[in-house]
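Two forms, one chain: they're shown below as structure tokens, one block per form, named structure 1 and structure 2.
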Structure 1
């Protein structure tokens, strides 16, 4: 203990110092326990049923109900290495574009502010293709409806039921046009397009060629059929030859009436123009698929004074045919021509089935449109194909 002297000399007095107050040491802070990071629970990976394969659906439960957590989904393939698939706040995810019959394993990490917790791996699961695909049920229903209509109208045509087909001016004029060639003693020129046999318009043109050839046999009129494609030429020649034989006039068939000219586009157009100028046909048929040469041939034919009947499904060439030809078959009229001319039950039944099939699907479209407009529901999702 220290003393303090007060005063001076002999009168100085010693005043004892106040005792020091001892303070207790501050207690050390107790460390907070580390937060418990719970992983996601009940992870389930499974194949999506009734689909085309390549899709797996992963679902899990949150680690703590009511606590918002973000998740990281990881996937491992045959190599065994996990790779991140997505980051999401949802508790499910659909993984697409996978290989079928390849085992995949998944795990999900719950991400917190102070870390993350990884769940256990799932059992290996494989995506596979299913023979029954619910997403393609609309296609199956459409096939069933159209097939039923097709069988019904074919049987009706075979029983002799009169099936109404809208009058097509260009086809109604075929008989008169060939009759005009008979009166004038001039040939009929038939050009089956400038495309290949893979084109639908070419196939429709060859069907019409058979009906036109049948009428030329009846009227004893020469038919001229130049071809640009060698395969189309071979088929066209057999069609005309078979038509003459089926009509009891095989000796009247001229092998040189159907011929292959040249595969070049504008060289073929020039050759056809030359035939028009030299032979002066009374009737010209331009049926099938045409390109930039359409107006060249149609204008030359118009200059000879021939009756021209054209038909194509090429939207770009229709204006030229409509302008330069007397009659033009537009789009599907070309496909309906063989049934219109021949009245064969199979073709007529197919034509009527197509018409009524379009009517059915038009009604379906209108109904679903009204549902979507008045209920606010996305009606297209009902028929969505995965």
Structure 2
């Protein structure tokens, strides 16, 4: 307490001012030199070889020092103005949808946390279209191999070599199914799919239509063939008409038997359902490409008690047909049907070629799987279409 008092008394006295001590001013901190941001190096812009054109591949190397957060690729076309193409962490980028034979220049900026550094521009480079697309070569080789097999077996068939073809129950039943229609005095309904003529399944279906029509001429059964596509209709009509003519019964052809119904998917399904219910056909063929309407038609057909033979290469619709139809041609069987029904030796040769084609595929798959599993090498890259 005393000390406090003394202290306070001393503080009350005037203290002579001491001369101010001059202190040297603190030196201003020297600003750190800005970090040197290095740009990406060796930017190379190249046309992608052996393609349709319109594609350039841009590659670059990382800066000498520093790790950029990302790179920004810029491109200038004929107008000379650079525009951003992409932001990427990688050191290459493929620019697509360019115009052929137009010079493009590129530059790449390395973006750091404290700024960015732009590389010099590349020389102008043009995308070109090329005569041969090497990326499609695996397909060409496969076609060549399969074509050779096909020709070999066709030649074998021509020489008269007996070719064993396995029994396809769905096709064996065609004869019985049309015979049933004859006995019952009811028509045969043939739906050649709901796709267009570009679809190979539609072509296969039209080939089968010829064979089915031939049998309906023999058995003198009415055939009803509604069509969804006008082009398919014109071809289907010609097929049936020609078949009647070639079988010596041109007078028996009813021009009303093959008709165009409607191009709408579900309207067509409704129309076909209506025919099934009204006409009560004894046999229904649903051959070709189908979509969601497959089950609607197949179930309605099943409810009428008709024998149904379906065939499609649409994997999604196969379960519906297998469930609702008596016989189903699964995938390739649809394509084999006309040869099987026609029993023409040359066509049977193509069936053998199909089987051997599958064998070749199986061998390739097994060998490549073994290579990939035991060596770690991605063998599939050899046959991958680019």
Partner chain sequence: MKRRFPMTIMFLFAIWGGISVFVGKTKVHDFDNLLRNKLLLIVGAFAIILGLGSLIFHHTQKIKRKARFWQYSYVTLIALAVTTFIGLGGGVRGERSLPTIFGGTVIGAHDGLVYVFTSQAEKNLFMDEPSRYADPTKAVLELPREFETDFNRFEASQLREEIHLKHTALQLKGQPIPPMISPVSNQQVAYKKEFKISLQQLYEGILVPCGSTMFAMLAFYMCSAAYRAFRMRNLHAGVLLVAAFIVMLGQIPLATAFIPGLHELRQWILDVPNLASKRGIMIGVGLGASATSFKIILGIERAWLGGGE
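Computed from a prediction, not measured in an experiment: that's the story for all the values here. Positions refer to the first chain, counted from 1. In this text, the rigid core denotes the largest set of C-alpha atoms whose superposition between the two forms falls within 1.5 Å.
Novice: Looking at both forms of the chain, which one is the form predicted together with its partner chain?
Specialist: It is the second structure (the form predicted together with its partner chain) rather than the first.
Novice: Using the rigid core as the reference frame, would you say residue 316 shifts its C-alpha by 2 Å or more between structure 1 and structure 2?
Specialist: Comparing forms between structure 1 and structure 2, the residue 316 CA shifts below 2 Å.
Novice: After fitting the rigid core, is the C-alpha of residue 106 off by 2 Å or more between structure 1 and structure 2?
Specialist: Result for residue 106: yes, a 2 Å-plus shift.
Novice: Align on the rigid core first; then say whether the Cα of residue 357 has moved by at least 2 Å between structure 1 and structure 2.
Specialist: After core superposition, the C-alpha of residue 357 moves 2 Å or more between structure 1 and structure 2.
Novice: So, with the core fitted, how far does residue 157 move at its Cα between structure 1 and structure 2, in angstrom?
Specialist: Superposing on the rigid core gives a C-alpha shift of 2.5 Å for residue 157.
Novice: Could you tell me the distance the CA of residue 87 travels between structure 1 and structure 2 after a rigid core superposition, in angstrom?
Specialist: Residue 87 C-alpha displacement between structure 1 and structure 2, core-aligned: 20.1 Å.
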